[in-house]
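Here you get one chain, nothing else, as structure tokens; it is the form predicted on its own.
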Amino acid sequence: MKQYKIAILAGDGIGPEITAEAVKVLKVIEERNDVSFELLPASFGACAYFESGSAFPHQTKAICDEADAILKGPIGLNHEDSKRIPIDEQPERGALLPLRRRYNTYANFRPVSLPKSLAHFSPLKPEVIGEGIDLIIVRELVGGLYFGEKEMGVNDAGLRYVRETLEYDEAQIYQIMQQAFKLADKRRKLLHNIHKSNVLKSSVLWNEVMEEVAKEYPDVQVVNMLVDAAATALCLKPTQFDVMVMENMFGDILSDQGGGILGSLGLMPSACIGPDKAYYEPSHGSAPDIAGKNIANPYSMIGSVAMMLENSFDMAAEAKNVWAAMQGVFADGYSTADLSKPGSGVTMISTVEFGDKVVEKLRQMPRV
């Protein structure tokens, strides 16, 4: 029997609720396969700060170091509550960025997928969705503006100022381009390179390295597109895209837009891959306004489990079953509150009910 250790960072807000549903799925995976998961819960984010004074405590770091993979829930508080935490310990700065830096999880994969049968969830017209949306955003995750030097102060004129540096070197760009080209080569052999080289010199270097890597993948067609044009194209013709590669901040913004064209960020799982370890998380925030109401959509968290099964545990077939089980729940006419629109003809179910229905479908599937 294969045995794996998974660090479980439930996070803040709706994090514990949707994490509980993901854990249900992991238990069923154990039942269906010759595998054992040792789950290692650890505090992370705002909850960790209020418990220990650190958003990423030493104990949590030790647990993550020990784990074979990390399953992370959303973190963060609303604007007002965030003020209760020092700026450098606020969850995104004090926990999330250090997690990415610690394990060099430079490659972020965010699938944006909506079959034609679920087109009613999208705000886009059916003729725009066509036969369905199926693209992956590949985002560089440990460089750029988020990780550059930061400075705040008062200048000689007595004015408050801030200075943040956007920095990449060619090695960082090369490694994310390799990931993007490899993925494109396995799929439709189409790669959209998203940049802003008409303004940013960082994009000039980005494109130079991209062109060098492209020579290694002659079968992959590259389409260069400015990031603002890509934002428009995602709304007007999302089906033109298959694999999109971009730097850190562009990926942060466009992947959220990807959730928008699907109908909810609750449909956006992600994988964050490093050379030695990976963590998996929903692309959305902690939604503190609905925490504790049992109405959050656990799809993105369960989808993150599916990505973990495939990428960290070599269980691609079972990962496909998890995706099929979740989409089967939708196909049966059920949906969570974020996707239940008046007149859509769907039956609204709770967070727990969605997880239960996914588990039920998984148990009915033939074992791999």
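Since this is a predicted model, take the numbers as computed values, not measurements. Heads up: residue numbers just count along the shown sequence, starting at 1.
Not on display, but discussed next: the form predicted in complex with a small molecule.
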*residue 247 within 4.5 Å of the small molecule in the predicted complex, heavy atoms*: no
_Just checking whether residue 74 would be counted as a contact of the small molecule in the predicted complex - the rule being heavy atoms within 4.5 angstroms._
yes
*Considering only heavy atoms, tell me if residue 229 and the small molecule come within 4.5 Å of each other in the predicted complex.*
no
*Report yes if any heavy atom of residue 131 sits within 4.5 Å of a heavy atom of the small molecule in the predicted complex; otherwise report no.*
no
*Tell me, which of 111, 288, 259, 144 has a heavy atom within 4.5 angstroms of the small molecule in the predicted complex?*
288
*Pick from 176, 194, 191, 96: which has a non-hydrogen atom within 4.5 Å of the small molecule in the predicted complex?*
96
*What stretch, of 277-285, 202-210, 165-173, 234-242, brings heavy atoms to within 4.5 Å of the small molecule in the predicted complex?*
277-285
